[in-house]
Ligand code: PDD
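Shown below, as structure tokens, is a lone chain in the form predicted alone; questions about how it binds or moves come after it.
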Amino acid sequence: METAYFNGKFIPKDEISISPDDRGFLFADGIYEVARWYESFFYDMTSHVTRLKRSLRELRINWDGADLFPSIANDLIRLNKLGSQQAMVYFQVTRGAAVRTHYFPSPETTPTVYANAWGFVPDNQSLESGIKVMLKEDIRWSRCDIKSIALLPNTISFQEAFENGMKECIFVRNGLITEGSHSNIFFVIDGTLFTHPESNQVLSGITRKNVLRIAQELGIKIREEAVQENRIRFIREAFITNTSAEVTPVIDLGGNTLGDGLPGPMTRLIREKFDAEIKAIKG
């Protein structure tokens, strides 16, 4: 029986009941985080907690338990007997249940907090051979920097990519490539690594942050600068990053084959360094 966390208690997941007046249900008024368990540790949990706190602040959800995320996550791994395998932990906080109004409830209601864990099998084939991704006009709101549960534009766009045999949908806003429906994206042009700068147009990914650090340590020239869609012909390599995909090569961008259609040397180098860090932490 799967155990989940709900409002301060670890209980069977199928016993959880959420109010129909919960603002997460009515308005998508909430935030979330996903952390990855690598058989014995969570990767960069500190950054996940920092981002969780930031998302709460941006939505003005007053919940003082964000620092509990690591212990809750570890308990979920233990209670669900996932310690010896790779797994994911999902953590969500909404503003809570209240009479439906567009303004925030006054006095404030108690936030609803939920978390669960499940075993995870990496997509090693995509990691090795690369993926095809589609391009689509960015139809999302203008606060993509908040890890909000309001993901309908993302899911609609990803479904379109999925139905067309692609692994991700990459967004374009005002002619500039921003990010994916659930990933950040990097490009290699003339030996320089490009990615969209942190702004309200993209989510600051945990893997993105660590890839930038790794690239700097490798002496790779980096430019946090948006790439124009009309410069695709100059892109030699690309890869997406997120918690589940880590560093996954992109070999086809919107029908345009990149390089020779295989994961490029810079992508492989960064991937190898990332893998080496994971192995070093495992010991």
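Numbers follow the displayed sequence, beginning with 1. Nothing here was measured: the structure is a model prediction, and the numbers come from that model.
Form predicted in complex with the ligand: not shown, discussed below.
None of 97-105, 130-138, 73-81, 146-154 except one has non-hydrogen atoms within 4.5 angstroms of the ligand in the predicted bound form; the exception is 146-154.
The ligand in the predicted bound form comes within 4.5 Å of no heavy atom belonging to residue 117. In the predicted bound form, the ligand lies within 4.5 Å of some heavy atom of residue 208. Though the partner is left out of this view, residue 59 does not reach within 4.5 Å of the ligand in the predicted bound form, counting heavy atoms only.
Using a 4.5 angstroms threshold between heavy atoms, residue 34 counts as touching the ligand in the predicted bound form.
Proximity to the ligand in the predicted bound form, taken as a non-hydrogen atom within 4.5 angstroms, holds for one residue of 93, 177, 203, 193, which is 203. Contacts between stretch 170-185 and the ligand, counted in the predicted bound form as any heavy atom lying within 4.5 Å, involve 179, 180, 181, 182, 183, 184, listed in sequence order.
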